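Just the one chain here, the form predicted alone, laid out as structure tokens.
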Amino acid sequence: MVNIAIATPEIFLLCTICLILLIDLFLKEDCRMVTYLLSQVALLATALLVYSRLGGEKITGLNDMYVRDDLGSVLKISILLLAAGVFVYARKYLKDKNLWKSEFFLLALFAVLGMMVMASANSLLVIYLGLELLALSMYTLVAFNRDDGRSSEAAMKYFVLGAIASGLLLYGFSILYGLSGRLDIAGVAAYVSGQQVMTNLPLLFALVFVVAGIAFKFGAVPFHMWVPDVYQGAPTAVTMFLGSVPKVAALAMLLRVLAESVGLANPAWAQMLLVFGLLSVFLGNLIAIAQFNLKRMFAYSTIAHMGFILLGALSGSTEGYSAALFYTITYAMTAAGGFAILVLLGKEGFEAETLDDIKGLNERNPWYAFIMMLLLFSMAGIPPTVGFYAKLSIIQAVMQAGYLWPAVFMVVMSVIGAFYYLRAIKMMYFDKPDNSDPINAELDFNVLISVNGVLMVVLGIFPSALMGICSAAMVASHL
């Protein structure tokens, strides 16, 4: 059954991107604001279109290659709203750095389209197509500032390592196809469920290649080499996008490829994810302590957070999947807000990216310092912020799955990891600023960053609304 209507939001977004491309051809350099506004309208209209289909039954279409369910809808709405927020934050940076070009928004829209395809993919081939659309757009965005050698170097590293990871993933998919004769996730699941993975050598090889490819997209240890260099080398606006929105797509790939097809409770998958998750939590937090470049510090903290998400999914239960989804969405919001503060501190000819740049932020602007403190508290998992509840729900799911010592290890590493966040807060409130220039931003930026900061506390005190949505999505999708 074709049922092309199942992909209406993706088709709408693609047509809108093509329309924006055509309109942009006739715009002058000083009219790029039109492209920005059209991009925002495209994202919000697509989000409304997805929302209008929320709550329906699980339906497959396009010859069973595509699925519409509540999990896909929640993932897509999160991706679209996060991207719209990042666009608001990025505007100041792009103008300050003379990068106010329509290509940024169009490439980001193509990346969003790739992520939406991944969120609703019901076939290994469709997942790979969505992943490559996302990856190719991100490679170009990382090299967006062509006059910066660091940006070009970061893009080359990202491209080479990303191509290797894509090759590993595709090779794993090809072995699965050769063994099962099917590309749809249900067909692969039917084959794997009747096999003893540990004694089936070809299937074990496929497992290793697929998990390695997914771990790279998460930036999990030992496939984390690209994360610090790309975060530091890319323009801050691109790092903000890369560090937040694609994390939701990575979780979508994990749930579609592993949870739906083979079941993450399988001991073969569980052992690999357990090792990757624990190594990520350990090395991410430990190496972040030694960083004095804020972008690299955020990069290593991202690696640690991705470890938490992998360990949450490892449980193979509805509670674990819900906790992983909740953690991913709230972390993406937190990361976007953290990089937005760096954008605020930067100006024309100067890029804020070291710990020294946030010294005395409270003296320069108490409100922005307070918001940054809430964001850092959330990353550290300190109550009453949402990061505390997110980590708690992951640790509870891990314990319920019978992994007691990994849960204890996660708690210990969270306490150790709190050091570098508290160090940054101490510098904001107790050190004298090196630069006393006022910090200014436009109204929409101020409103959004304020909402972002306040949500860290509101969702921490009342997490049940968002967690309820995540749990309902998992139940409706039979996960």
Partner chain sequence: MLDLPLLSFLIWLPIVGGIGVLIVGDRFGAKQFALGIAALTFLLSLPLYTGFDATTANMQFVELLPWVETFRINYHLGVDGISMPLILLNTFITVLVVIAGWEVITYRISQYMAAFLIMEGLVNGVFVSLDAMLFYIFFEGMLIPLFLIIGIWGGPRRVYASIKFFLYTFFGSVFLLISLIYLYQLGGSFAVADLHKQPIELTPQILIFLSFLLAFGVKVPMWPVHTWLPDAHVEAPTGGSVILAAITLKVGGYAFLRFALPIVPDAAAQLDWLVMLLSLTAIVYIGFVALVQQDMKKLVAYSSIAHMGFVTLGFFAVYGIARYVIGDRVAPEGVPFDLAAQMADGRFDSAILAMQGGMVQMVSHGFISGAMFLCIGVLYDRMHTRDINAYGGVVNRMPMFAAFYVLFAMANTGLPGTSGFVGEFMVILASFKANVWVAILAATTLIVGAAYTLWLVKRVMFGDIRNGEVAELQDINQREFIMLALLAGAVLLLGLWPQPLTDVMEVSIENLLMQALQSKACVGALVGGCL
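Worth saying up front: this structure is predicted, and the values here are computed from it rather than measured. Residue numbers count along the first chain shown, from 1.
Another form exists, predicted in complex with its partner chain; not displayed. Remarks below refer to it.
Query raised in the report: Of 373, 355, 77, 136, which one comes within 4.5 Å of its partner chain in the predicted bound form, counting heavy atoms only?
Result: Flagged contact: 373.
Query raised in the report: Pick from 452, 60, 414, 35: which residue has any heavy atom within 4.5 angstroms of its partner chain in the predicted bound form?
Result: Of the listed residues, the single hit is 414.
Requested in this report: May I ask you to state whether residue 399 is within 4.5 Å of its partner chain in the predicted bound form, using heavy atom distances?
Outcome: Yes, contact at 4.5 Å.
Report task. Consider residue 192 of the chain shown here, and say whether it contacts its partner chain in the predicted bound form, taking contact as heavy atoms within 4.5 Å. Result -> Taking the distances in the predicted bound form, the answer for residue 192 is no, it never comes within 4.5 Å of its partner chain.
**Report entry** Partner proximity in the predicted bound form: residue 395 to its partner chain, non-hydrogen atom cutoff 4.5 Å
**Finding:** Yes.
Query - 4.5 Å heavy atom contact, residue 441 to its partner chain in the predicted bound form - result: No - in the predicted bound form, heavy atoms of residue 441 and its partner chain never come within 4.5 Å of each other.
Query raised in the report: When its partner chain is placed as it is in the predicted bound form, which of 429 to 437, 444 to 452, 36 to 44, 23 to 31 ends up with heavy atoms within 4.5 Å of it?
Result: Heavy atoms within 4.5 Å of its partner chain in the predicted bound form occur in 429 to 437.
Query raised in the report: For this chain shown on its own, do 209, 215 and 232 all sit within 4.5 Å of its partner chain in the predicted bound form, going by heavy atoms?
Result: None of them does, since no heavy atom lies within 4.5 Å of the partner.
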